[in-house]
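There is one chain below, alone, in structure tokens, taken in the form predicted on its own.
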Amino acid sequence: MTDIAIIGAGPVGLTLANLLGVRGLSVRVIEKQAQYYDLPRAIHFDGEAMRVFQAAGLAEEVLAHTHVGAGMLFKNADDVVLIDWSRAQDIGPMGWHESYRFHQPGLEDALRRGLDRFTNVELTSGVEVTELVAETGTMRLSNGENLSASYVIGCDGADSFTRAAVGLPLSDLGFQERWLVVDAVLKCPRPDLGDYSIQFCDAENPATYVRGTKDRRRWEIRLNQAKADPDNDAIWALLSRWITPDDADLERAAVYTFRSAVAARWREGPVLIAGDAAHQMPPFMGQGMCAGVRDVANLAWKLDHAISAGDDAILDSYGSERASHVTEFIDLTMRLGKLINQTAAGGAPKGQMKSIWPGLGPGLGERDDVAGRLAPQPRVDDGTLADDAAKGGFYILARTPIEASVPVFTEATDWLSENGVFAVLVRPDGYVFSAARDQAGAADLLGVGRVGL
């Protein structure tokens, strides 16, 4: 019997496997493709996702495949800047930069190599799950093997076998458009293309440009719903506004139907879903993979507790917390898509682009303007990031030292003061479990007995 079986070895499934490996659980990852896809797909993650890769013990390995994002410009059809959302280039409150561009094959390679650290984690490729019994967490594999696990996590994409097999419904949120996604590798320097992501707001020809790592560049271009998929000549015609075959080689071109959807339920007994299996959103904010990484950060420590305590009631909080959170991102992404799909007018406001950090839906801990929201991650007195110093467990951020049975750090006093609290209890996924408004209330913060863990 395996503790956790993960169906799907994309970035989300591999991140979960590493998080669980660090916690010492026995894990089996099943991937139906014999070889991982060696072309780019996702291209952006944020500081919160980097914090999760840190928790997996792979920060440096992941950073090798990234560069820091400059921000986003919105331009009209005449190339006039309408909105300038520059990104701060210093370290943000998560302990990392706020925006990263990355090369997905490199990220996946780092995550796969990360599994080699563990004797308790096994990856099986080229094998498909053909049958899944929700009541028992047992699976039939295409190689004839029967596999039993205490919990099964479906990280198997938008067309999730897992979601369909156990009957978890998906709610359509109403966005559907065909877009061409083109990845190109420059053959010569093109500094004029710039380091910013650019949203071209044009009712007739909306498009997005993204600077990737090294010489990689991406364009996303909305297609007419009724027309056939473009051939190679048509693709170059669409790109001619920016590049020609003399400038770059096409690495990948694919037509996607961007959709918005979220699962109505995320759990059926011992079976849970994460990533694109649980939600889908258009790519305009670059939050699709980030949302999946947040899913498994929320789930990993709860699975650990369910296994060690022999009580999985905590898993009921997973879907309720994550569904509300990801829906807020989907809603904002859809509104951003409407802006891109029109000819914007007006001046050119400029400001620093700030990350949004929605609160969790109902679940573990309190909910107010601080509790249930993402806490910052300071470096503590020896220079270690707080999550690492707490060894992946609960900890307290306080204005002054207090006695507690978990680590207490006093390096986030500005944030605590700005939010009108004396101390907060931070969960293993970085979210605030509860807050104390004054020093007297801090005595009630803890007793991890109160946390129930």
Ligand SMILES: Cc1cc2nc3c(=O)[nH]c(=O)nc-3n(C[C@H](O)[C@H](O)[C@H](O)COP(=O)(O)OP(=O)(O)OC[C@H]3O[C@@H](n4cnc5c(N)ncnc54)[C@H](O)[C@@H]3O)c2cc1C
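Just count from 1 along the sequence shown to find any residue number. Small disclaimer: the values here were computed from a predicted structure and weren't measured.
The form predicted together with the ligand exists for this protein as well; it is not shown, and the discussion that follows is about that form.
- Classify F258 as contacting or not contacting the ligand in the model of the complex by the rule of any non-hydrogen atom within 4.5 angstroms, answering yes or no. Residue-level check for F258: yes, a contact with the ligand.
- Non-hydrogen atom contact E321 with the ligand in the model of the complex at 4.5 angstroms: Contact with the ligand, no.
- Spell out, yes or no, whether the shortest heavy atom distance between A17 and the ligand in the model of the complex is within 4.5 Å. No, A17 is distant from the partner.
- Task: May I ask you to state whether H44 is within 4.5 Å of the ligand in the model of the complex, using heavy atom distances?
- Result: Yes, H44 is a contact residue.
- in the model of the complex, which of the stretches 190-198, 284-292, 361-369, 327-335 has residues with heavy atoms within 4.5 Å of the ligand? Among the listed stretches, the partner-contacting one is 284-292.
- Task: State yes only if every one of A55, D304 and G430 has a non-hydrogen atom within 4.5 Å of the ligand in the model of the complex; otherwise state no.
- Result: Not a single residue of the candidate spot has a heavy atom within 4.5 Å of the ligand in the model of the complex.
- Message: Give me the residue from E251, E128, E177, E268 that has a heavy atom within 4.5 Å of the ligand in the model of the complex.
- Response: Of E251, E128, E177, E268, the residue with a heavy atom within 4.5 Å of the ligand in the model of the complex is E128.
- Message: Considering non-hydrogen atoms and a 4.5 Å limit, which listed residue (V185, V181, I83, I243) is close to the ligand in the model of the complex?
- Response: None of the other options qualify; the answer is V181.
- Message: Within 4.5 Å of the ligand in the model of the complex, counting any non-hydrogen atom, which residues from 61-89 show up?
- Response: Result: empty, none.
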